[in-house]
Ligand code: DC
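Just the one chain here, laid out as structure tokens, in the form predicted alone.
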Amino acid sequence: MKRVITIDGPSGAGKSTVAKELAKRLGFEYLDTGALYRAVALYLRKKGHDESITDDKLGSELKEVEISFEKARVFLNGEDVSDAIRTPEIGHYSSVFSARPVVREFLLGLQREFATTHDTVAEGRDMGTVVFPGADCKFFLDASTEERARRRFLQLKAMGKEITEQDALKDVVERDRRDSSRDIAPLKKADDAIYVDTTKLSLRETIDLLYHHITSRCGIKGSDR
């Protein structure tokens, strides 16, 4: 296993953007685990499945799924789905299907395999608790529900998606409920993770803060490129 930094937290806390920028600054690779679950959700929705799918059928369908990353783009069975997975519907079903043990087991090996060949910044819901419990440095990013909903709204509007601020708030609250209450790998802070509230921090302030912790407390020296 190469060096690994994990960033966990709820939807809208800023994990993806922060992880991407930290990876660049450190000279690491960025592992977008949320994209993996979204790609699985996209595949299953295209096949007409919803939460009623049985575990046996789910396992059978996953045998036909191949996901890869290339230059920050996500490919599902050879097709670039980087934009197609960023919709409210797929976000909803990625959270729904991620609660299924067969899906988590399917993606666990892929995530760990990635870190065997790359120094990695991995972000998600259970990176520091389940996927990489021995990570070199762990963070838990959070923000107020209102701020996370605002960020979610602006993100989707910038992508041209039709959504209201109330819809964004409802989506964030519902995802928090599902992610925190599921039986399998619920969203929670790892005991040894550094908690960071980003509500009143700018993106640059958040990145600088995490970078400081990484280089001063975790013994990792980045390229600062």
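Heads up: residue numbers just count along the shown sequence, starting at 1. Model, not experiment: these values are computed from the prediction.
One more form of this protein, predicted in complex with the ligand, exists but is not displayed; see below.
Proximity of residue 49 to the ligand in the predicted bound form falls outside the 4.5 Å heavy atom cutoff. Contact between residue 198 and the ligand in the predicted bound form is not found at the 4.5 Å heavy atom cutoff. Heavy atoms of residue 148 never reach within 4.5 Å of the ligand in the predicted bound form, leaving it off the interface. Contact between residue 125 and the ligand in the predicted bound form is found at the 4.5 Å heavy atom cutoff. Although the ligand is omitted here, in the predicted bound form all of 37, 104 and 175 have a heavy atom within 4.5 Å of it. Between the ligand and the residues 167, 179, 29, 61, the one pair within 4.5 Å by heavy atoms in the predicted bound form involves 179. Here the chain stands by itself, but in the predicted bound form one stretch of 140-148, 125-133, 68-76, 112-120, 125-133, has heavy atoms within 4.5 Å of the ligand.
Using a 4.5 Å cut-off on any heavy atom, the one residue of 70-89 that reaches the ligand in the predicted bound form is 86.
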